[in-house]
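Given next, in structure tokens, is a single chain: the form predicted on its own.
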């Protein structure tokens, strides 16, 4: 009996990440039995590891499902088309003869095919511009295509063909209905005109399918225009009643806001959050506020950057499309600053997108794919200052999900009570000690969270000139200030990140073995969903006259 008792032992499994230590007392067992118990303990760890750490609380306000889908589009298309196309003007007078509208080669399928080939998933058509001419046969005015007898004998319907063509290619449709109407006699009589406008909204949103994804309102009108009060709240209510999943665009949202200029640029700081109560449609005194957003904003209304592929919004024979380098710059300053780019591509007099514009769009899409189709960080090692739990590790930033998987650092409470190692941190040694000091809430010092990409081998260097950072914005926009280092040297710095932040390295090229992103300030825990290191050959080819080490974002 004493010999058997001598074999009495115990197995202690200290499990990684979430699994606590399990102590098993084994009585009167042989050594082979002990090994069996240890194996059982290992299988128990595998079952227990499925118990995941809960996600951190969201930081309000949050985007809606429709807003998240809109943000992921990145580039959408505007189509300015109407009587202005035939008068070589931007703002019509409202007195144009409807018969001048005669797109003899009109083919909405060509528009949709161009959008599809350009990787665009949403097209927005000017159903009515300021001249009041309607591209559908409205029951409430004669100033529409039904009076364009030269085109299809007055039986044409641009909106109908547009929606059908988009739908056939899996592209979503949207509409712009100008509030300012220079033709209708009711304009200036508040009640009469608002009833007219609501009637046309109802026409468009009921007769052309229930799949509209964005509707555009603005406050544009001439300095000498008749005074008019628009019942925007009634309009927005009608839109949501008819199509609840639609995003409503205006200077003040409620779903998407104007960025404050028509150059396609967002601010270097650009929050999706803003206070709607501080906005009013048509008010040009708050353009900077629209451009930057507000970290204390109570409404989630991301910005849309509108710009035309040509100088004008409507087609003009004398104009040519922008050069590729200019379009790429716009992309970096819109999509790369937490916005969606609304690129206007105006059809010509025949009713087609001009060949030069089609070629430019194809070049633009090809360039974007060339730059971003391959992530140079793929296959690299990922390390972080800390992590919340095994399911929020730094490896999530390379998994291809840009929204719902993410790296989350440990909270201050977790670090102080359990230590870095128990939260899966890979910082090690001095980094752990420094982080523990920085995040100690009793010291009231800012956090200093970081995540880094390391070359997979010591002799490998990562060569790139674009850094991509994306937040898990489904849980709120958080990051206020960040920096990027390569082998300890600062190469880029900025403020907000949001859905996507793109940094072009101002020296045009950098290489190194360790790329570290430090979050210097954020609203609660920063949640980074994706990181990319990319090579932009177009940026690399544009050698600067005076190279500097880092970008000039604040």
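These figures come from a predicted structure and were not determined experimentally. Positions refer to the first chain, counted from 1.
The same protein also exists as the form predicted together with a small molecule; that form is not shown, yet it is the one meant from here on.
Visitor: Give a yes/no on whether residue 150 approaches the small molecule to within 4.5 Å in the model of the complex, heavy atoms considered.
Guide: No, residue 150 is distant from the partner.
Visitor: Mark residue 304 yes when one of its heavy atoms lies within 4.5 Å of a heavy atom of the small molecule in the model of the complex, and no otherwise.
Guide: No, residue 304 is distant from the partner.
Visitor: Does any part of residue 78 reach within 4.5 Å of the small molecule in the model of the complex? Heavy atoms only, please.
Guide: Contact check for residue 78: yes, within 4.5 Å of the small molecule in the model of the complex.
Visitor: Does any heavy atom of residue 113 come within 4.5 Å of a heavy atom of the small molecule in the model of the complex?
Guide: No, no contact at 4.5 Å.
Visitor: On the criterion of a non-hydrogen atom at 4.5 angstroms or closer, are 97, 140 and 182 all touching the small molecule in the model of the complex?
Guide: Answer is no for this spot.
Visitor: Heavy atom within 4.5 Å of the small molecule in the model of the complex: which of 238, 356, 220, 368 fits that? Just give me the one.
Guide: Contact residue from the list: 220.
Visitor: Of 230, 176, 289, 372, which one comes within 4.5 Å of the small molecule in the model of the complex, counting heavy atoms only?
Guide: For this set of options, the contacting one is 176.
Visitor: Can you say which of 319-327, 122-130, 385-393, 101-109 gets within 4.5 Å of the small molecule in the model of the complex, counting heavy atoms only?
Guide: That would be 122-130.
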